[in-house]
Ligand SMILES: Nc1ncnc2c1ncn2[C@@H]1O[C@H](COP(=O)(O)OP(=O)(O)OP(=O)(O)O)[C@@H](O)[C@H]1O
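In the block that follows, a single chain appears as structure tokens, in the form predicted on its own.
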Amino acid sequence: MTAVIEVQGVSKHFRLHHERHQSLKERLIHPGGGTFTEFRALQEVSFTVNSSETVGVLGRNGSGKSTLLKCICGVLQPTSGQILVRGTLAGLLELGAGFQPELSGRDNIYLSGSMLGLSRRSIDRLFDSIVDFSELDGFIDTQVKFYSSGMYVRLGFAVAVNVDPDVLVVDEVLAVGDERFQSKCMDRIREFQKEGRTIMLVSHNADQVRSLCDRAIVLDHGVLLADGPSGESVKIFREALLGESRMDDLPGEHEELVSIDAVSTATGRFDARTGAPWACEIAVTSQEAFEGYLVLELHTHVGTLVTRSDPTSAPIALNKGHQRIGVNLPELPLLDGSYELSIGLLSQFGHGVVAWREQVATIEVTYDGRASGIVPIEPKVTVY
């Protein structure tokens, strides 16, 4: 396959100034330029994105995700290393990126289009499609400085997806739009996938990455931690990053407070029948007394989220040492198929993830009826 994006040993460093001299007098008196420390946002990151691939980027806040995308789009220049991009690239990196606040939405469409290499005639041809997608007909001649954050996203995404790019780069900004517009954007991204375009997507939503992306890379403090199939990368992201992290609202050092050791059933098998009760036991080890919540996730074998339990309905209190947590589902509302079980423990302070085990067991569900799908429904029919 053809490599569309090549990131070769890229590092990006910033100076964090603790004392910076602003006036000419201060600079003459203190010619050194003030004190600063060097922050390494990216450290020797290398990977390749091939044609027609959809690649997700996962990582906690401050891991370097947005810095990486800005380097790929040319907004920032790497401190070392190089990035090669083949084909036209359109990026939606942050609210209003490339927009001039004093200009109207109409003028910014032409400005953004020209920055992407389009002629005025080409933008004229695309203009109506951009406005229709953004749903900003009544505001297109208003200065964008008066736009809300959601309006910024609508206009920015509408420009990015209508200029016919070979590569689309999208940062987390889609989370700002309303749910209906997010769904509209996801539909357009899926259209791009069917057309064989290349997409890079930054998201904190691991389920979104799992369902949309062929591959995912995981960044941690600027270091490339994983690069592989999206399911495997999501597992590393949750277990290695979230699972090991004790949140700021928990006392003590950042060591593993609680570990999920094993999951077992009374029969030793993870079989179930549709509509029947199902139970399991979770072996855990706690370093100290802990109060929080248990959360369960079920995914299909292709990674679609079936359900995530409400953590506030399952509070737990653990003593120090080894313990077992019993889980009972009075009725398993799933049809025939294989389902992956993931388990997490959340703190009672802000619901931070304290421990996580991804795909800890596979539940094989058997159904005796003739219905199809994931969840059974039993309509009551009356003929009048």
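Quick note: we count residues from 1 along the sequence shown, nothing fancier. Remember, predicted model here, so these are calculated numbers, not experimental data.
A second form of this protein, the form predicted in complex with the ligand, is not displayed here; the remarks below concern that form.
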{"query": "Interface segment, criterion being heavy atoms within 4.5 Å of the ligand in the predicted bound form, picked from 47-55, 64-72, 333-341, 316-324", "finding": "64-72"}
{"query": "In the predicted bound form, His204 touching the ligand (heavy atom, 4.5 Å)", "finding": "yes"}
{"query": "Contact label in the predicted bound form: Val375 to the ligand, heavy atom within 4.5 Å", "finding": "no"}
{"query": "Ala41, heavy atom within 4.5 angstroms of the ligand in the predicted bound form", "finding": "yes"}
{"query": "Touches the ligand in the predicted bound form: Glu239 (any heavy atom, 4.5 Å)", "finding": "no"}
{"query": "Site test, Leu16, Arg60 and Glu172 vs the ligand in the predicted bound form, non-hydrogen atom cutoff 4.5 Å", "finding": "yes"}
